[in-house]
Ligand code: COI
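Single chain ahead, written as structure tokens, the form predicted on its own.
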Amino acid sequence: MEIIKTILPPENLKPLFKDASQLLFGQQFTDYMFTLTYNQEKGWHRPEIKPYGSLVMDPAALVFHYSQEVFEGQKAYKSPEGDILMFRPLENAKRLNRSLERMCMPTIPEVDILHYECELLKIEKRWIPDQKGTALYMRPTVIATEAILGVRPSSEFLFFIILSPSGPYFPEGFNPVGLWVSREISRAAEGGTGEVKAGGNYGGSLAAIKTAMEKGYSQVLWLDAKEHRYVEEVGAMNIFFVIEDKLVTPPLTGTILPGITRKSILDISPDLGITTEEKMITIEELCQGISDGRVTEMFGAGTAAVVSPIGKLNVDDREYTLNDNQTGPWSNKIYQELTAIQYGEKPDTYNWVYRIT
């Protein structure tokens, strides 16, 4: 399908950021957005790139009442040569479709998703910051738009992509953050939607995040919903531990999001000199491991932060400190290696980077 494009005159474009180092995460948006409409008669149709603006929707749209919605998180980078780089975008497209299937929403061909993203990025290239630690954050989203108050799948949908030039996800940047362990509130349960990027997963996590911040911590360390013992995720990221010179992360059991950064770290780590293992670990084992020195590092991993070192952990009002609250050597090494590939600073031997010239 040919994309309909509405191009603004230069004088109507937004001013660019003055200093990329001062960019915050997800607070500024570019000039254009992409939209694609679905109904049962036409399927997905009318791809359009148009000026960024509000969505006009019926108050009875199903997304507002039953949370039939999914999204993705991606980034675009600028290479030293000035090309646009995307990191494993087809993996994001595949995950978006898995989320759509779980939420009873129509899938979109992955090659089409990538094509729409590329066309939008070509128009918005001037918004891609070129300073390390910054990127153009991409938010593909699908929402149910049929106006009817009935608990059933919608027959109408809107797919849209918005872009945001962004700095570090956490104000601390690439520095250790503190975590608070939630014993009562859970992120996801078996049989639920924890393994897909559905908006309800994040809305339900806000109460625990609010408590963590009130206690002086940046994020929540989530435990399983059944026994409240097994470590699952950190905030909106996957979690990794360095235990006796082995990199350990919980397995994908249906409650944990299959992160693209997580997958990349598991692929790249053996080449960096550390073996990996996917296994369940209890919060008691983690605390004991920190106390006796077997657990030397922890970090979160996700698109927004890439790697986020963890320096402090509050469990039942007792605080545990890792590596003197400093970034550990493996956290730093993995972060530097991944970001060097993402920014096109070193050869991509894994064929992960998609280049738009």
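Everything quoted here is computed from the prediction, not taken from an experiment. Don't overthink the numbering: it's just position in the shown sequence, from 1.
Omitted from view is the form predicted together with 2-OXO-4-methylpentanoic acid (COI), to which the following refers.
Within 4.5 Å of 2-OXO-4-methylpentanoic acid (COI) in the predicted bound form, a heavy atom is found for none of L8, Y52 and W127.
Comment: 298 to 306 is the region of 60 to 68, 298 to 306, 32 to 40, 315 to 323 lying near 2-OXO-4-methylpentanoic acid (COI) in the predicted bound form, near meaning a non-hydrogen atom within 4.5 Å. The contact residue chosen from W180, Y137, F157, Y116 relative to 2-OXO-4-methylpentanoic acid (COI) in the predicted bound form is Y137, the criterion being a non-hydrogen atom within 4.5 angstroms. With the partner omitted from this view, the residue of A93, I243, L85, A236 that lies near 2-OXO-4-methylpentanoic acid (COI) in the predicted bound form is A236 [heavy atom within 4.5 Å].
Contact check for K197: a non-hydrogen atom falls within 4.5 Å of 2-OXO-4-methylpentanoic acid (COI) in the predicted bound form. Residue contact check for G73: one or more of its heavy atoms lie within 4.5 Å of 2-OXO-4-methylpentanoic acid (COI) in the predicted bound form. The closest heavy atom approach of F25 to 2-OXO-4-methylpentanoic acid (COI) in the predicted bound form falls within 4.5 Å. At a distance threshold of 4.5 angstroms between non-hydrogen atoms, Y230 is out of contact with 2-OXO-4-methylpentanoic acid (COI) in the predicted bound form. Along 155 to 186, a non-hydrogen atom within 4.5 Å of 2-OXO-4-methylpentanoic acid (COI) in the predicted bound form is carried only by Y169.
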